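For reference, the chain that follows is the form predicted alone, supplied as structure tokens.
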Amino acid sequence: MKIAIIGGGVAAFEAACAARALDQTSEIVLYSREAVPPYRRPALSGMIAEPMADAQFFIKPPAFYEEKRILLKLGTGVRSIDPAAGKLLLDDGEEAAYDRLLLATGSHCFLPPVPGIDGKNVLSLREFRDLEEIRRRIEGGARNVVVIGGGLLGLELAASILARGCTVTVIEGCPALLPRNLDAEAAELVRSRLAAIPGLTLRFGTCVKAITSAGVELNGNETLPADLVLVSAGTRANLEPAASAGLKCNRGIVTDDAMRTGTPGIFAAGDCAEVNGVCYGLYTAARAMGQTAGTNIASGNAVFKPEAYPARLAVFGLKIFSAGRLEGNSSKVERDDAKGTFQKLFHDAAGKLVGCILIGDLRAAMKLQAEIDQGL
């Protein structure tokens, strides 16, 4: 049997490993448009400031793939899929046959529809080559940087760029900090601490009107000078070539909880997948989806089980953890401003823990997450 995997992220990696663990004879080929082996994508933003050793950055060394007989076709994109014939058309014009196929095509950065978003001074960070280009721009003299998007990744980008000696302005359209990860009380606490960071400016409730070679124009005729503009405004699933092949797609490639699409022999996992109506877009979820898909591709019987995937942030000396629903019938706060710690627990009507926010001291994080997961 020939197993083809399109994608080079953690979902593709985990699927290949899970399939090989159950099937020692089938051919497994992983096609990735990136020129490097699977790596830990969440590490990219931090590597702007500080390089990471290969042993930490890459999920496994090259010898691992040789040992497991997983063939890596790096720098090889897939142009189209022919499900009826069981064939892939590669970007170089070659064809490749498959018996079972996994689509782990990931996602791309969403670029807001504003004039100048395609300018040469505008970049985003999603792949290793993006990291290399951002480094080149900073080493080439970029010093005033604007980050569009004040989510987790946007703040991580800001911290890394600030560490490179740049001044950074973060623009966020929402009126509050991290609305998906913090409630109003915690958000104000974090905002006040970030406001004291030299060289960092936070602008909330601000909309970008246009981007020019000189900088970023805001509503109200204000212009922020910028040598470099980084966009961190969310992601969108990579639906091609699945959509062109007739697979059902909504916000993602539609699958059940076994990661099966509606087309026999074709699976999807990771950021490109929409599992029972949900697109997760999270590294830990992608890893679990890949394990499920790989097991089932090799005729196993696995089911993807969602968890209360937490949000973690460690920037500017500030540690943040949140998980679950940040609302409930009741909440309890423990705060020590002298130590810089904050804990808020959310409970439902029955007293069951449904969510938590921790700032500063994260030692209880895993215990609280496990308690939240039990209630899902």
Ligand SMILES: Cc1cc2nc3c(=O)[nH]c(=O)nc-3n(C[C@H](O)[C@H](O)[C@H](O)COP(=O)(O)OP(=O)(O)OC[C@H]3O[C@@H](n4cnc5c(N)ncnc54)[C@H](O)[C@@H]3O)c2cc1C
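Quantities reported herein were computed from a predicted structural model and do not represent experimental measurements. Residues carry their position along the shown sequence, with the first being 1.
The discussion below concerns the form predicted together with the named molecule, not included here.
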Quick check on R41: any heavy atom within 4.5 Å of the named molecule in the predicted complex?
yes
Against the named molecule in the predicted complex, would S322 count as a contact residue? Criterion: heavy atoms within 4.5 Å.
no
Closest heavy atom of I6 to the named molecule in the predicted complex, within 4.5 Å or not?
yes
Please run the contact check for F304 against the named molecule in the predicted complex: heavy atoms, 4.5 angstroms, yes or no?
no
Of L125, L101, V216, I148, the one that lies within 4.5 Å of the named molecule in the predicted complex (heavy atoms)
L125
One residue of T76, T167, T263, N181 in contact with the named molecule, assessed in the predicted complex (non-hydrogen atom, 4.5 angstroms):
T76
With a 4.5 Å heavy atom cut-off to the named molecule in the predicted complex, the contacting stretch among 203-211, 222-230, 277-285, 248-256 is 277-285
Heavy atom within 4.5 Å of the named molecule in the predicted complex: which residues of 214-239 meet that condition, in order?
N238
